[in-house]
Ligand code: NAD
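Below, in structure tokens: the form predicted on its own, a single chain.
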Amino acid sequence: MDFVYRSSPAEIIFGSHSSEKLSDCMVKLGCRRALVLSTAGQKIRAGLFTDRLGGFAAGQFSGAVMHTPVPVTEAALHYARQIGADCLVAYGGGSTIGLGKAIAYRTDLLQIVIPTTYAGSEVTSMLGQTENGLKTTLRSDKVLPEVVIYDPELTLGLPVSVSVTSGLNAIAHAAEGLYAPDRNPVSSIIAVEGMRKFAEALPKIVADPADRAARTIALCGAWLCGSVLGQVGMSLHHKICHTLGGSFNLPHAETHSVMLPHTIGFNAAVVPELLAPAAAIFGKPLGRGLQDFSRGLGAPIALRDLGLTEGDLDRAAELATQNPYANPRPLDRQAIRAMLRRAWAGLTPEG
């Protein structure tokens, strides 16, 4: 058996109240002037870390938004240079983490990431950016954070809806990792364990959002599923979600939630043996099992509920089949358009 295995070099600090070690992490990295990043909605919470850092905080930028628009990155980059930042502290979910990566890609500033959702992008070398209505994705070691702090206490206030959709987003990383062309035995083991943790944790979080044990399990699942995304290439699911998000401004995690049963079901028809571990967790046929799981959590099921119109489907199918990612099932515009129509209407997935 021949394969190549590559893991993230980030230092992982996991545990309740581990975020209290932030200053120690900066000292260890040799940094003294942090720029704290967040979205506008997380400005107050991020401000607590800015205050806690005291003299180690050079400033705070709370303008991160979905899909990492280049103009926002340029504004944050200008501010980082203005204050003489020597590192970035990204507090929040994928929008903030993406902004930190985009700045690091352009400056090589060191990154400390404190994720508060479950998408898992903090342990990947991937950066998605949007400019002029198109979202493009790149891989570079320059965007890998140096330190990731997983503190379950910080996820207790995460709304159930965001907990669910960001968790389903992470499951998508793991599911596609099972049939990635560059998969390996280690990445597949991690993928299955990550999905299993979410299958256990998400229903418990829906039942009791303050369940610390479930929150801890889910955060561990985020790390595992994100690690898969960081190790292997993604396929149809991620291409479609990037298209829908970047070109139609659909919400990131919710789009992943809707598309997951359809894209994985689409590929399950040709690689059932590779997706068998996922089917053992969520049920057969896998596409329907994933949709039933999502529906049981109260996740969105239809793209039309996210703002996509039926008139958008032709262009979405066209964009999704341009420069396609490697995929186990051959792609053609008609088949993708039919799949998008089912997802738009909230119908049962193909497989």
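All values derive from a computational prediction rather than experimental measurement. Residue numbers run from 1 along the displayed sequence.
The form predicted together with the ligand exists for this protein as well; it is not shown, and the discussion that follows is about that form.
Taking 4.5 Å between heavy atoms as the contact cutoff, choose which of L219, C87, L229, A90 touches the ligand in the predicted bound form.
Contact with the ligand in the predicted bound form is made by L229 alone.
Exactly one residue in K135, H237, R183, R196 has a non-hydrogen atom within 4.5 Å of the ligand in the predicted bound form; which is it?
Exactly one listed residue reaches within 4.5 Å, namely K135.
With heavy atoms only and a cut-off of 4.5 Å, decide whether P159 touches the ligand in the predicted bound form.
Although the ligand is absent here, P159 would touch it in the predicted bound form, with heavy atoms inside 4.5 Å.
Using heavy atoms and a 4.5 Å limit, would one call P145 a contact residue for the ligand in the predicted bound form?
No - in the predicted bound form, heavy atoms of P145 and the ligand never come within 4.5 Å of each other.
When the contact criterion is heavy atoms within 4.5 Å, does G246 count as touching the ligand in the predicted bound form?
Residue-level check for G246: no, no contact with the ligand.
Is it the case that G177, even though its partner is missing from this view, gets within 4.5 Å of the ligand in the predicted bound form, heavy atoms only?
Answer no; every heavy atom of G177 is more than 4.5 Å from the ligand in the predicted bound form.
Want to guess which of 202-210, 77-85, 264-272, 115-123 is within 4.5 Å of the ligand in the predicted bound form, heavy atoms only?
Heavy-atom contact with the partner occurs in 115-123.
Considering only 238-265, what residues come within 4.5 Å of the ligand in the predicted bound form, judged by heavy atoms?
H252, A253, in sequence order.
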